[in-house]
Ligand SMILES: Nc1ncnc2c1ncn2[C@@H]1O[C@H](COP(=O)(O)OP(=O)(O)OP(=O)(O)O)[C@@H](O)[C@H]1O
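Here's a solo chain for you in C-alpha cells, the form predicted alone.
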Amino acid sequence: MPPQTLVANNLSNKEVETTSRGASVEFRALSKNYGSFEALRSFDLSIRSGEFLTLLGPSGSGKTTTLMLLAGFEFPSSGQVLIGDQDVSRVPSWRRDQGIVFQSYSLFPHMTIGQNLAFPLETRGLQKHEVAEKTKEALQMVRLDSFADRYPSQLSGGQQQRVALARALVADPPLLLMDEPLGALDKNLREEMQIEIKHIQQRMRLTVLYVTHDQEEALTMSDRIVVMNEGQIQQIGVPEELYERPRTRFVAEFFGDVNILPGRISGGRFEAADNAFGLPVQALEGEACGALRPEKIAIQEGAEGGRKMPGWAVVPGEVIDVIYLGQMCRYVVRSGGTDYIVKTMVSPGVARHAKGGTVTLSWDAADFVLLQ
C-alpha cells in the first residue's frame, strides 16, 4: 500500500512519503485563541521519532488543544505544526497519516469488529486480500483475532478500547495520538492496557502523543512528560526527573503527596519554621520554598530517634493521623506549626506508629528540592 500523503501549504499537492518508523513532530511558537480566551500561548515542543511523549495537566491546561492542533481538527492562531520537516499547520486531518484514539471508542455499532477495522483501509482503496490481511494482523496485535464477527455491543469496555486501538493502527501510521483513551476503564484494566499500549508502541517504533490528567499513567508509560498549566509548559523531563526534582510548586504538587516547606536560606542552610539543615548545593540567600516527598522521610518511635548524621534534618513530632493503604502506611505528623506527610512500606510483624504517639522524623537534605 502506498503511504498516505501529507499536503503542506507550500507543497502544492506534492506527496510527502512517510515510513513505518515514527515521525518526528515540532510545535513552533504555537498559540490558539478561542475569542478572547488564550488556550495555548508561546508553545514550543519537539517530539523525537519513536518517542512516547505525554501531555499531563489539569482540565483546561491546553493539552487536548495541543493534540487537536496536531491532529488537524483545529488550526493554530499563530505558529507552526511540523510533522517531519513539513509544515502541516493548515493541512486537514484526513490528509495527515496518523492514528487517533479517544476516550469514547467511536466504533460503528452497525458494523462487526472486522468491518470496523476494514473500513479505513477500504477508503484508502486497498485490495480485498490486503484489507483482510491487515485486519487480521491488527486484531492479533490486540489479542482479539477471534472477535472479528462480533459487534461492539457484544464486547466489554476494555475489548472495545482494544478495537479502537487496532483501528487506529491498522493502516500502519507513523504517528499515534491518544486523548484520555483509558479514562472509562476500571483501575485493573487501565493498568493492563497501559502496559499493552507501551509494548505495542515499542514494537512498532511509533511516535505517540498521549494526553492524560492521570499522573500514575504518565509515569508508567512515558519516555518524557510535558507538564502543562494554563496553556503553557511548566516542565519537561523523564518521569524520574519530574517526580524527584520538580522545578516549581505546581509540578511538585501535581505528582501526588508532597511536603512544601517555606523558609529562607542563610549561610548555606535552609531555615524553616521548625528546623534548619544544610543544603547539598549552593543557593542564593533569602526567602525560599522547597519540596520533600513523603517516602523520603524516615520515622522512628520516640522523641530522641532519627538519623542524627551530617547532612540530615531531624525533627520530633506527634502522629495526628494514620491511614493504612495496603502496601504503604500514610502518617501525618505535626511538629510545631508544620504538618508533615510521611509514607512508609508496611512490613509483616512491624508495628505501625499509633495516632497520638511521639515520633522523630529525619531526612537527607539531598532529597529536599528547592523550588523556583
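Fair warning: this is a prediction, and the values are worked out from it, not measured in the lab. Just count from 1 along the sequence shown to find any residue number.
This protein has a second form, the form predicted together with this ligand, left out of what is shown; the following refers to that one.
Heavy atoms within 4.5 Å of this ligand in the predicted complex belong, among the stretches 315-323, 52-60, 22-30, 339-347, to residues of 52-60. A heavy atom within 4.5 Å of this ligand in the predicted complex is found for one listed residue only; from Arg124, His213, Arg150, Arg269, this is His213.
Note on the partner interface in the predicted complex: the residue among Asp97, Asp87, Glu180, Glu217 having a heavy atom within 4.5 angstroms of this ligand is Glu180. Interface membership of Cys329, defined by any non-hydrogen atom within 4.5 Å of this ligand in the predicted complex, is ruled out. Using a 4.5 angstroms limit between non-hydrogen atoms, Ser335 is distant from this ligand in the predicted complex. This ligand is not shown here, but in the predicted complex it comes within 4.5 Å of a heavy atom of Ala39. Using a 4.5 Å cut-off on any heavy atom, the one residue of 65-96 that reaches this ligand in the predicted complex is Thr65.
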